[in-house]
Structure formats: structure tokens, C-alpha cells
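The form predicted alone is given below as one chain in C-alpha cells.
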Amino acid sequence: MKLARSESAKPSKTRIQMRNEARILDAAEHVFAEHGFRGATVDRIAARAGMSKPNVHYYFKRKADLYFAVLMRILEIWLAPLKDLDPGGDPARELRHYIAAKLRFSRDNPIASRIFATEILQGAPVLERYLGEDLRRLVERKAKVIRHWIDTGKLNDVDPYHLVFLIWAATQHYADFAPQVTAVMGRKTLGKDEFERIEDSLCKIILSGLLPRGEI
């Protein structure tokens, strides 16, 4: 399933249109998470959104378009904190904020994280081009920021790419493998207080290896 990465410019959407699109995407996110792309149907998505099937098709012509839109919305939220990494900021503060933001995404959007993980585990059939172009360029830019911090002695010498991958893996684990985490910890769910402890632990673990003399 291949999709065009972008479309020609469209007229600005009304508030009602934006609200309806968000409503449809919220419903689609749950349906794709529950049934996967193959098992999801527009009928199920329409029912969950409380809308008619023709109304859903007014906004999204095909199920594939809906799936792509769901993935792109996830990526927009997920990548925003990485885009915000400030080259002129203090590395410890910037990385701590980034780790915290990624954890909040895992806490607040576990279903979205699992949809993205499933897409990747399936070989990224829809996102292959995006990952190799847009995401690659973004990570290249931020790797240069991290490399500058290293070259100026603000961080220990590590591979910037693998640092980014480590942060992704550590923070997304609490969404993608939540049943494993809660089972091992003997909890039904992970609350806000627990996520604060997770944030503190991850920041100490990661930053202690990055900051000269382990200063956090």
C-alpha cells in the first residue's frame, strides 16, 4: 500500500471540518489499534465516530487515506519535541525536556504509539518513504546539534544517532510494552506519580553517561 506523500494545496478548513476530521481520526485510531489495518473497516470507524459512512468518505476517500492520516498525526505529535530541541540551550535541560515529553506521549497516547510500532514491525509499508526522507533529515539536523554539544565539551563523546534511538526505545517502552511493565511491577496501571519516577530514573541513567563527570 503506497500513498502520495503530499497533495496539492487545499482551501482552508472550517472549524466544523477540522472538528469532524479530528473526531474521525480519533475513532480510526482506536479501530486500527483494535483490528489492525486489514481488520479495520470504514463502517466500524464511522460507527465509533457516531457518523454516517458517506460522511466519513467525504473527508477521507479510502481506508488507506484514513490510516495514513492517523500515522501522520501521530508523527506530528511524537516528533514535535525533537524539532524543539534548541541548539543554543543547555544540553542537560534540553535532553531532560525531550525525555519528559516523550514519556508524556507514551503516557497520554499509548494507543497511538502501538499503531506506529505495528507499522514499523510490519516493515513500514506506508511510512517507508517518510522515514527515509523527512524523518532522516530531521534526525540528521538534531544529530548535528548533539555533535556540536559534544565537540564543545558539554557532553561526553557518544554517537548522536544511537542516543536518539536509546531515548526513543526507553520512553516508548512504557506504551508499547505496558502490559509487561505493569505485570512485572505488580500494578494494574501506571499513574502520574509512577511516570514522574520513571522520568527521574531515565534522566539520571541517560544523563549520567552523557554529562562530563556525571553531573546531572
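Sequential numbering from 1, following the sequence displayed. We call the rigid core whatever largest set of C-alpha positions still superposes within 1.5 Å between the two forms. In this text, all values refer to a predicted model and were calculated from it rather than measured experimentally.
Below, we turn to the form predicted together with a further copy of the same chain, even though it does not appear here.
*Asks:* Looking at a further copy of the same chain in the predicted complex, do all three of 118, 179 and 205 come within 4.5 Å of it through at least one heavy atom?
*Replies:* Every listed residue reaches a further copy of the same chain in the predicted complex, so yes.
*Asks:* Looking at 191, 153, 36, 50, which has any heavy atom no more than 4.5 Å from a further copy of the same chain in the predicted complex?
*Replies:* Spelling it out, the residue with a heavy atom inside the cut-off is 36.
*Asks:* Is residue 72 one of the residues lying within 4.5 Å of a further copy of the same chain in the predicted complex, judged by heavy atom distances?
*Replies:* Answer no; every heavy atom of residue 72 is more than 4.5 Å from a further copy of the same chain in the predicted complex.
*Asks:* Tell me, yes or no, whether residue 114 is in contact with a further copy of the same chain in the predicted complex, where a contact means a heavy atom of each within 4.5 Å.
*Replies:* Residue-level check for residue 114: yes, a contact with a further copy of the same chain.
*Asks:* Do residue 63 and a further copy of the same chain come within 4.5 Å of each other in the predicted complex, heavy atoms counted?
*Replies:* Outside the cut-off, so no.
*Asks:* Would residue 98 show up as a contact with a further copy of the same chain in the predicted complex if we use heavy atoms at 4.5 Å?
*Replies:* Contact with a further copy of the same chain, no.
*Asks:* Within 4.5 Å of a further copy of the same chain in the predicted complex, which residues of 110 to 146 have a heavy atom? Give them in sequence order, or say none.
*Replies:* Sequence-ordered list: 114, 116, 117, 118, 120, 121, 122, 123, 124, 131, 132, 135, 136, 139.
*Asks:* For residue 41, decide whether the Cα shift between this form and the one not shown is 2 Å or greater, given a superposition on the rigid core.
*Replies:* Residue 41: C-alpha displaced by 2 Å or more between this form and the one not shown.
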